[in-house]
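As structure tokens, one chain now follows by itself in the form predicted alone.
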């Protein structure tokens, strides 16, 4: 007798997710596989490579300190950006969660307003703020505080500042969602047992909000370490990150095999940190934070 399909039939579930799997294979797995294959191609000259397999690209990456220096610097800048986002983002998230303001939704709306403006335009705006003819330098010169413009642009500090501007809302949303999941009766119970507000925060609120903080740190670190636009606009050649190195290798030198090698390296390194986080914390908190 032929079995009829039901609403919860596993075959129906597979049919529904099959298009997504196919898209993932076509747009994610296939490009990565092609780039991985390219890492073993032989570079001949600009824009020319052969399919003769070689490990020369990997050997060059592991033996040339030029590449490892870029990687270490990228991880350092990504970590600094993530930590600063954590420190600066926790307090606004706590304020939004703890406030008794009737229209709390308005605070959350203001938080996501920057997303309505193009990220590139927001990054360009920092040139008008930090440049030699920017708002800060012009104001300081007119006030007589400085005699010549301060070099605030095209350095690592400007890159980190630009990425803070971009990533801080992601951190605040992750921490806020984590705080919202806390049962407030636990805090009331701690207070009823004699804890001060500071002790209740330290013993109850902070530990229970750590998953959101950890998710925000991972998200900010991965996005900062893989960024290209901000270092390109606010940094200089000396302060470029690994993403800029990949772009210059592929588009400037037309060295696809080496560019593919660098791309796979960045993919594996960032994937390692994401895998470690997922192993111990899971991905649900990040999904909640992104969903707001």
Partner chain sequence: MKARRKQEGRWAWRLTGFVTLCVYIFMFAPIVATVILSFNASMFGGFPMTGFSLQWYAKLMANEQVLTAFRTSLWIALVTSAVTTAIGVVTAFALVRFEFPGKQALSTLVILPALVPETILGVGLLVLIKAIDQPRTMLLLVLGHILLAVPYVVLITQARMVGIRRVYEEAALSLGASRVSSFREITLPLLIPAVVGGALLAFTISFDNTSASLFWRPAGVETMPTQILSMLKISISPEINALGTVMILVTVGIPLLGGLILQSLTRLKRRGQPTEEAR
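Residue numbers count along the first chain shown, from 1. These numbers were taken from a predicted model, which means no experiment stands behind them.
The protein also exists as the form predicted together with its partner chain; that form is not presented, and the subsequent description refers to it.
The partner is not drawn, yet in the predicted complex one stretch among 204-212, 177-185, 72-80, 102-110 has residues with heavy atoms inside 4.5 Å of its partner chain: 102-110.
Proximity of residue 34 to its partner chain in the predicted complex: non-hydrogen atoms within 4.5 Å are present.
Contact annotation for residue 53: none of its heavy atoms lies within 4.5 Å of its partner chain in the predicted complex. Although the partner is absent here, residue 151 is not a contact residue: none of its heavy atoms lies within 4.5 angstroms of its partner chain in the predicted complex. A residue is said to contact a partner when one of its heavy atoms sits within 4.5 Å of a partner heavy atom; residue 20 meets this definition for its partner chain in the predicted complex. Scanning 10-47 for heavy atoms within 4.5 Å of its partner chain in the predicted complex gives 10, 12, 13, 14, 16, 17, 19, 20, 21, 23, 24, 26, 27, 28, 29, 30, 31, 34, 35, 38, 47 in sequence order.
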